[in-house]
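A single chain, nothing else alongside it, follows as structure tokens in the form predicted on its own.
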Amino acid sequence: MSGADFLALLPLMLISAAPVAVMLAIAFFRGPRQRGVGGAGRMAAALTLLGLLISFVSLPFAAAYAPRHVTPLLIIDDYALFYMGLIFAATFAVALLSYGYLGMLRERREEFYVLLLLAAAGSSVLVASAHFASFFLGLETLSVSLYALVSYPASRAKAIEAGVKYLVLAAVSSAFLLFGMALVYGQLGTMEFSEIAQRAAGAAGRLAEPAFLGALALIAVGFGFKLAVAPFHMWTPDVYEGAPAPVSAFVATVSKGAVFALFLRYFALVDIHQMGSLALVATIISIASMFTGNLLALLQENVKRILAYSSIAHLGYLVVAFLASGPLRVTAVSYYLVSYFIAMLGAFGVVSVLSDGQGDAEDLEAYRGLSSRRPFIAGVFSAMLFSLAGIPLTAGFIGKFYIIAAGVGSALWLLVAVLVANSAIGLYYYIRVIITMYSAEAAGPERAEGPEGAAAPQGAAVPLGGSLLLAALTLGLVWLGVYPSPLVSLIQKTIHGLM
């Protein structure tokens, strides 16, 4: 490896060094167990935020050496660096939300930041992968960290249950992926994505062989579990509900976004419509995800479960753009992911800042009258829900517009019609949450408890860091909805070499 290779890898090296630095700081500065954020907790949080910030700042330096293949395993190009920046920014937001949230827990909180940084490092490897080996290593680094993050509050039964469910289903999906990779290697003799695309194009007859079709089916099942699209979505609402709110935000955004970015990188090299059976399966998954997510969200009384089912529907929308042809599909997916990241981080951020040591603020009825107690928080949550619904003047509207444009440009009329219909369905449960927040409070004590002691929003002051983050996310949401050109130009620059 040359010096240029190391400079190109600078963001990956920095994000990998950050958890080591935090781990060493914990060993030196941690004192006796205590409730609240102690000196070691503050040190771990500060180093985590600093590590993410330095990693983000290093991206322009790495871009000067892009595109570059660093060994057959990794490719550092503008596309990978764009998604690394998105991952670092989202993880920074999650770490900031976690600082106040962890102060309410009895567990030691320092190791949380080590796991969070490891998950971000695994996600960064995913988006830069050019080989099945690096893909699987990045995926497992992400997944193993998430097992512990989901179940981090060991005193909460729902968190332990969610962690076990995620562990079992993620292990099963990894087994499907490994078996599918082995079959692809047996058929084509390579595990490099670019080589797979070239050899598959040169051996069209082999694509119809049962072994290759079986390999694609196994890989599709593995990706389906990781992305939580229907019918592989069963774990999603339980994990989102049981996990700490900041972790739910991370799973909904960084975890899924990294996997989808890799998925799109591979199929940018392969025309999925040449594989009729795979395109048909993707179409069925898209339609099933949109209807399953939106219809089941209508039945929920738990805010975190509503957002969980909503995320299933949004992945169905993304598959519509994925099935489109031409460079517009990459632009549509990338823009939609940015808007989705902002809205989901903001929505779960509201849940995080309203939670207390007894549980997360997840019961829908407990949000009744929030606008009178917390007008700023209610306004932020409304903006995030409007964006998820695709209301004009928000980033979600522009993102959905790009997806519909990509679908129409590729004559995917059925999928576009289903997307429009499901957007109308989704509007109902988003508006339902907003109406609840702006309704008058029921008579009785100020604090109600949801199922299993779930916390209701209270009148305590929101931490300054949380308030600033929510304000910044809301500003970004509106700015991208009113003036999307800079982000669109950046995305088009990043995909120039990909296509």
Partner chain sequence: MTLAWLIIAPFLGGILAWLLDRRGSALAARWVCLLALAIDLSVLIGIVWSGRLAGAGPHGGFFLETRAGWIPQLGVSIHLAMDGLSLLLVFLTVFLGIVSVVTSWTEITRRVGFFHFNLLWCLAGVIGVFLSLDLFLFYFFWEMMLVPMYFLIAIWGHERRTYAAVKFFIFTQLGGLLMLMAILGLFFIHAAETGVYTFDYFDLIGAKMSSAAAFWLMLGFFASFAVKLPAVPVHSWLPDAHTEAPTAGSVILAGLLLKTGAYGLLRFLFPLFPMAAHEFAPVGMAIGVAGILYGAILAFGQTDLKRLIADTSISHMGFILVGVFAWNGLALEGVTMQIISHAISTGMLFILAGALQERIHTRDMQFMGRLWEKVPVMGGVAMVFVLASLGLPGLGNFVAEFLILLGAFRANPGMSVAASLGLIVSTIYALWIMQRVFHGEERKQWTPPDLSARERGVAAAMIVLIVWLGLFPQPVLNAAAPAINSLQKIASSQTEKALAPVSAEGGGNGTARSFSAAVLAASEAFACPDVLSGLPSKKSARMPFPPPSASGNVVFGPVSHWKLRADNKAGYE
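Please read these numbers as outputs of a predicted model, since none were measured by experiment. Numbering follows the first chain given and starts at 1.
The discussion below concerns the form predicted in complex with its partner chain, not included here.
**Q** Which listed residue (I284, A171, A211, V420) meets the criterion of a heavy atom within 4.5 Å of its partner chain in the model of the complex?
**A** Only one option qualifies, and that one is V420.
**Q** Heavy atom within 4.5 Å of its partner chain in the model of the complex: which of A288, A405, A133, M104 fits that? Just give me the one.
**A** In short, A405.
**Q** So, M234 and its partner chain: in the model of the complex, are they within 4.5 Å at any heavy atom pair?
**A** No, M234 sits far enough from its partner chain in the model of the complex that none of its heavy atoms falls within 4.5 Å.
**Q** Does its partner chain get within 4.5 angstroms of any non-hydrogen atom of A424 in the model of the complex?
**A** So A424 counts as contacting its partner chain.
**Q** If we define contact as a non-hydrogen atom of the residue within 4.5 angstroms of the partner, is V482 a contact of its partner chain in the model of the complex?
**A** Yes, V482 is a contact residue.
**Q** Mark F176 yes when one of its heavy atoms lies within 4.5 Å of a heavy atom of its partner chain in the model of the complex, and no otherwise.
**A** Although its partner chain is absent here, F176 would stay clear of it in the model of the complex, with no heavy atoms inside 4.5 Å.
**Q** All three of F401, G409 and S489 touching its partner chain in the model of the complex at 4.5 Å, heavy atom to heavy atom?
**A** Looking in the model of the complex, the three residues F401, G409 and S489 all sit within 4.5 Å of its partner chain (heavy atoms).
**Q** For the chain seen here without its partner, which of 385-393, 140-148, 184-192, 347-355 has a heavy atom within 4.5 Å of its partner chain in the model of the complex?
**A** Single hit among the candidates: 385-393.
**Q** Which residues, if any, of 319-355 lie within 4.5 Å of its partner chain in the model of the complex when only heavy atoms count?
**A** If the 4.5 Å heavy-atom criterion is applied to its partner chain in the model of the complex, 319-355 yields only L328.
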